[in-house]
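We begin with a single chain expressed as structure tokens, specifically the form predicted alone.
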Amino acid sequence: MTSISPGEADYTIKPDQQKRLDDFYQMLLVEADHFLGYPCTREFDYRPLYRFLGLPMNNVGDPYIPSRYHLNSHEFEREVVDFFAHLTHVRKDEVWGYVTNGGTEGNMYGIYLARELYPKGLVYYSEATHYSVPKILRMVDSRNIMIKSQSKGEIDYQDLAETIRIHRDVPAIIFANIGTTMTGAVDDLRRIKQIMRDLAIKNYYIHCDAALSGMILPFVDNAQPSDFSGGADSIAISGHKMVGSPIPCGIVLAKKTNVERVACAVEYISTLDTTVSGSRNAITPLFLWYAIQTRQYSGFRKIIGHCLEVADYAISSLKAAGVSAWRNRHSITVVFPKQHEDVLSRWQIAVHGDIAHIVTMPHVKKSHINRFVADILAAKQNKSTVCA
């Protein structure tokens, strides 16, 4: 049997399978034009980076330490971390970070660091916290208590204080939401730290889940304290949400002194293992770096301004259609009562109980809002016709 070298192999796809791919792509284009319910943007263009997909790149290990695996984008990853360090008001020499596979990994890393610092610590999180957090807490077998939330999603500070008071002898690990999943509510770090002072709690750790709002609050005036300047010990921000990426990704930042507690040397790759995963995506740091270079701070500020403007337009349009709608301060998550299932499905709307929301990401235009509201009115009309 004659052997075939990789360079001679025929990688041509069969015509029927090519048609399958073409049909799938056209379907996605249609669905992408009706994408309002989840915080991901389709406003990005990384075609100048496609050539890197032809290489087996891997960001294994600590991005700040050389390894024997040279096909990496660590240099660009470090610049991405520096950019987010600036946004979150921390000196570059005081923080460590890396590009994750998404917000869940970033939150896991924050809880992991907190547990290493306080092995007997008790994690407090609100009922409005992202669904992945209870899963993370089960995975790391961490003691935890769920705290009540206020009506618009912010943590109930009285319940938090009373619960911590009962467990004053145990280090407190606070999981703070900087923009809750359903309503975009921001937990007040100043009030949380005041609770610690009032209860004389010396040993505590605050991790911030800033998946979406971590790329909103740095670009608005009079933003709520929500980063290292407000008392955070670690922060997770998503990359595929406001920045945009075809591959889910995120950034986790943590105080360098805490990260040094978990670092361990790995001879196989000749570097430190300081991340959650071993092999890591080396393409997403390039995407984020490219977005930062092409948009700069001023570009992101303009984008955020557009998103907030469309959010207000959505609220006024929904109210004009007889639908009660609102948003939290500096949030682009527009909340309203759950609508007809056909509308929810067509526009891919997230729901929780009796409420639903749309998220006015950069790709959402006023024309999308007009069509969405028109569908709501049409569904109401059809319902009233059937009932008649």
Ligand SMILES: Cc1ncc(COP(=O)(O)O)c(C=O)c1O
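Numbers follow the displayed sequence, beginning with 1. Quick caveat: nothing in here was measured; it's all calculated off a predicted structure.
In what follows, reference is made to the form predicted together with the ligand, a form of this protein that is not presented.
Peer 1: So in the model of the complex, are Gly102, His130 and Asp209 all sitting within 4.5 Å of the ligand, heavy atoms only?
Peer 2: Yes, the whole candidate spot contacts the ligand.
Peer 1: Indicate whether the ligand has at least one heavy atom within 4.5 Å of a heavy atom of Gly179 in the model of the complex.
Peer 2: Yes.
Peer 1: Is Asn107 close to the ligand in the model of the complex, meaning a heavy atom pair under 4.5 Å apart or at it?
Peer 2: Yes, contact at 4.5 Å.
Peer 1: Does the ligand get within 4.5 angstroms of any non-hydrogen atom of Ser234 in the model of the complex?
Peer 2: It does not: once the ligand is placed as it appears in the model of the complex, Ser234 has no heavy atom within 4.5 Å of it.
Peer 1: Report yes if any heavy atom of His74 sits within 4.5 Å of a heavy atom of the ligand in the model of the complex; otherwise report no.
Peer 2: No, His74 stays farther than 4.5 Å from the ligand in the model of the complex.
Peer 1: Consider the chain as shown here, without its partner, and state which of Ser126, Ser238, Ser245, Thr88 has a heavy atom within 4.5 Å of the ligand in the model of the complex.
Peer 2: Of the listed residues, the single hit is Ser238.
Peer 1: Partner absent here, but in the model of the complex, which of 225 to 233, 179 to 187, 284 to 292, 88 to 96 has residues with a heavy atom within 4.5 Å of the ligand?
Peer 2: In the other structure, the partner sits against 179 to 187.
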